[in-house]
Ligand code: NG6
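Taking the form predicted on its own, here's one chain by itself in structure tokens.
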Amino acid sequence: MKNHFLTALLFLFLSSCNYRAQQQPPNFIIIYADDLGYGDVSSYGVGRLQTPNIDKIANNGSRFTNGYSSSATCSPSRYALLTGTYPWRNKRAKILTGANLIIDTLEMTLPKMFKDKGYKTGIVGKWHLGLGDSKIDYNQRISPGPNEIGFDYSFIMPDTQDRVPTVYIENGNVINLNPMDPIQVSFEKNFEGQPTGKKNPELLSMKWHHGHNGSIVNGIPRIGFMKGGGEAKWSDIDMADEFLIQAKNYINNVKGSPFFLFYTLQQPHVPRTPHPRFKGLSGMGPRGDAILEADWCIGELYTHLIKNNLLENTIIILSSDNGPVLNDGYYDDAFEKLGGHTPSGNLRGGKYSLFEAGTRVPFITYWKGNIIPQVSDEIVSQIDFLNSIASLIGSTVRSEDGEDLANILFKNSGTGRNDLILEAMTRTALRNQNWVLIPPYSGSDKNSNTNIESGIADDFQLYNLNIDISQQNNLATSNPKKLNEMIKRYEYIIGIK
């Protein structure tokens, strides 16, 4: 009788624990790749690289075929994701180099919204949204930054891997900085006696193609000039491992509470420096190897969630800040070893472009036991994360530009957007249902450095993606009624009187 009583008590206790676990709000992890193309993820079926760990998430969650970043470049997309505001509304939301923070500390952000609902918040990886509010002194605590716009914890690189300073910053402080070897940074002129990629090619392990000919760190020439900080400089080939370690450590430290982790990968942005254990695995050179390294990191994080009994109550969102680019400043055989792989899939353009491949990116949501595996053609955007997640966890926070797509993102129901403004290099276009309007702009139709079509033309462009996903047939002349309808809609949203 006594054993039966103890068994009953144990059952009630375990049931109570299980009930409390089910009542805890879901954790959120946004995995944000850098320059990963629509065709670079094998579950999309339009490229030749194999990404089994990403596929595991995609094939057991919702894979969106019409998922968009807000911009065809990095800083604007990150700004939009965190604020729910179109980047073209903020004149400072452009590709940044050594700039100050472009998110106002009074502005509502995704991590602030999470904190208001009792979440722990952290970012690990690439930042590229600016730091400080005046000249940045890397030898003191740098503020404002991620911690001032809602993140409890931050372990970041300041801009991108191809820019100085090549150091990690934790909660505003440069890691491993020796006060006797202070950091100096300039984007105007070099420091006396410091070698550069332009003047000292004999010191390079990676040859620059355009723009990246400043200070040399680990044999790689960078954008800008740096002096000092020798003990603080990162190891490029160990960067992915370092970010993964920090992401796991963050989860370990906060797993007793609901948490939000913004895990921002550096791959496959240049310089592509996968760890030697990934060298040659893709057969496509460093770019392909870097994508396989990123896929491995994602698999390791997924396994870490399983080991800590967190997977069932964690929503994973996986996407990219913009579309792909092959040559983005260095010679690394990205073109030569591409083979039959198509980073843009069947889409036109790429990074920096107003065409679809600039902003249509891999876009996946996963929630074990809650999201039924599906492929959705609904239009969804990263700009909707704030409103959608707020709705899901019971927050009243809303942004003006975002929409509440919680149903389609997390519940296999509802519909996506009708309208979406897309941006590339401060120029904008309109996606409305299956139609795309690109207004006329002055400039070159192709970027001579990257060899990517810009989407710029002297006249309006109108495409029906339902029958022409590769945007080869401009219908602006043959369908004037639809053209005028799209122009009016575009001008209304943009605010043109």
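The numbering used is simple: start at 1 and walk along the sequence shown. Remember, predicted model here, so these are calculated numbers, not experimental data.
Same protein, other form: the form predicted together with this ligand, not shown, and the subject of what follows.
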**Request:** Please pick, from 210, 141, 307, 198, the one residue with any non-hydrogen atom lying within 4.5 angstroms of this ligand in the model of the complex.
**Result:** 210
**Message:** By the heavy atom within 4.5 Å rule, which residue out of 154, 264, 160, 246 makes contact with this ligand in the model of the complex?
**Reply:** 160
**Complete:** Per contact check vs this ligand in the model of the complex (non-hydrogen atom within 4.5 angstroms), the hit among 67 to 75, 133 to 141, 237 to 245, 405 to 413 is 67 to 75
**Request:** Mark residue 351 yes when one of its heavy atoms lies within 4.5 Å of a heavy atom of this ligand in the model of the complex, and no otherwise.
**Result:** yes
**Message:** Would you classify residue 254 as touching this ligand in the model of the complex, given a 4.5 Å non-hydrogen atom cut-off?
**Reply:** no
**Message:** When the contact criterion is heavy atoms within 4.5 Å, does residue 35 count as touching this ligand in the model of the complex?
**Reply:** yes
**Message:** If we define contact as a non-hydrogen atom of the residue within 4.5 angstroms of the partner, is residue 120 a contact of this ligand in the model of the complex?
**Reply:** no
**Prompt:** What residues, if any, in 267 to 304 have a non-hydrogen atom within 4.5 angstroms of this ligand in the model of the complex?
**Reply:** 269, 270
